[in-house]
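Below you will find one chain, with nothing else, as structure tokens; this is the form predicted alone, and questions on how it binds or moves follow later.
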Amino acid sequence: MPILEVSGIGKRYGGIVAVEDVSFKVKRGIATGLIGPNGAGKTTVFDMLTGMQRADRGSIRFEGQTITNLASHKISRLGIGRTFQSVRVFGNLSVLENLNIAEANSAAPARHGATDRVHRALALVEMEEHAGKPAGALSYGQRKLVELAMVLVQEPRLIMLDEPVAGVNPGLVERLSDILRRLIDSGISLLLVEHNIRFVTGLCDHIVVLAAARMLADGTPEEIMRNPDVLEAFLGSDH
């Protein structure tokens, strides 16, 4: 059974169609990419999946349970974590304090102690040496790693990443790719929105393409890269 099933979801703002009849599945233990040109509806889809926007139609199921239009905190507690386009960390607090706050708001089971969860998350993103530094003093890419660690302390089974490598220097992109591969190897499923096609095709086993608020294609990276509709609508125009 897929970890996430999205069936015919749609969202309108007055007469503007933001998302129309989008359906796809996220398989367990792999990375799935959600790509498309600006304005295709990717972030709106993310917002509906995480309860930050209400879906006007369609259904969303996580591990077989319907989560359509649940409150975002309830969805998070079921095991879905999310990072954002704009990094959300407390810049005036240390890295460790940021993770402690995230852990305190977590519904992660008590089988692991809070301290263990925090230090394990820091180790996974390779930020242990920066634990005492103010998060605001770190580079943009490092703050993205802190945000990812704040998600990890909640022990999610699915992590949704909104443009994880946008604005990140090339060296850190490769490091982040390695970190995400280790998360996949540990059994965590990933769903990511990203414009860096090389990053997406290198990490993801399955890719979903949106264009003009609708589903355009889905398949393996090889299938997507050969799809003439995708090349015309997205890849060929900008990449």
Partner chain sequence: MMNQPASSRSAAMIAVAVLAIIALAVPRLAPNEFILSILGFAMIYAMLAASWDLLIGFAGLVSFGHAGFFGLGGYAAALATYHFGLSPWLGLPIGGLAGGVFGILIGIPTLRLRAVYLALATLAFAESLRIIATNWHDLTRGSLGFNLHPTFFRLSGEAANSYYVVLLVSSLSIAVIYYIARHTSLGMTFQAVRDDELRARSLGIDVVRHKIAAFALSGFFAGVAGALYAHYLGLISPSELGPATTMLVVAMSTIGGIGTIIGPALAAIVLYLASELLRMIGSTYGQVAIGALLIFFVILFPEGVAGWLSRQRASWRNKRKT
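Rigid core: the largest C-alpha set superposing within 1.5 Å between the two forms. Nothing here was measured: the structure is a model prediction, and the numbers come from that model. Positions refer to the first chain, counted from 1.
Separately, the form predicted in complex with the partner chain exists; it is not shown, and the next lines address it.
Taking a 4.5 Å heavy atom cutoff to the partner chain in the model of the complex, the contact residue among Val118, Ala102, Val125, Ile159 is Ala102. Contact annotation for the candidate site: Arg88, Leu93 and Glu147 all lie close to the partner chain in the model of the complex (heavy atom within 4.5 Å).
In the model of the complex, Ala166 stays away from the partner chain, with no heavy atom inside 4.5 Å. Interface residue remark: Gly51 is counted as part of the site for the partner chain in the model of the complex, having a heavy atom within 4.5 Å. Residue contact with the partner chain in the model of the complex: Phe84 places a heavy atom within 4.5 Å of it. Heavy atoms of Leu138 never reach within 4.5 Å of the partner chain in the model of the complex, leaving it off the interface. Applying a 4.5 Å heavy atom cutoff to the partner chain in the model of the complex picks out Gly51, Met52, Ser72, His73, Ser76, Arg77 from 51 to 80, in order along the sequence. Core-superposed comparison between this form and the one not shown: CA of Ala71 displaced by less than 2 Å. After superposing the rigid core, the Cα of Phe90 is displaced by 2 Å or more between this form and the one not shown.
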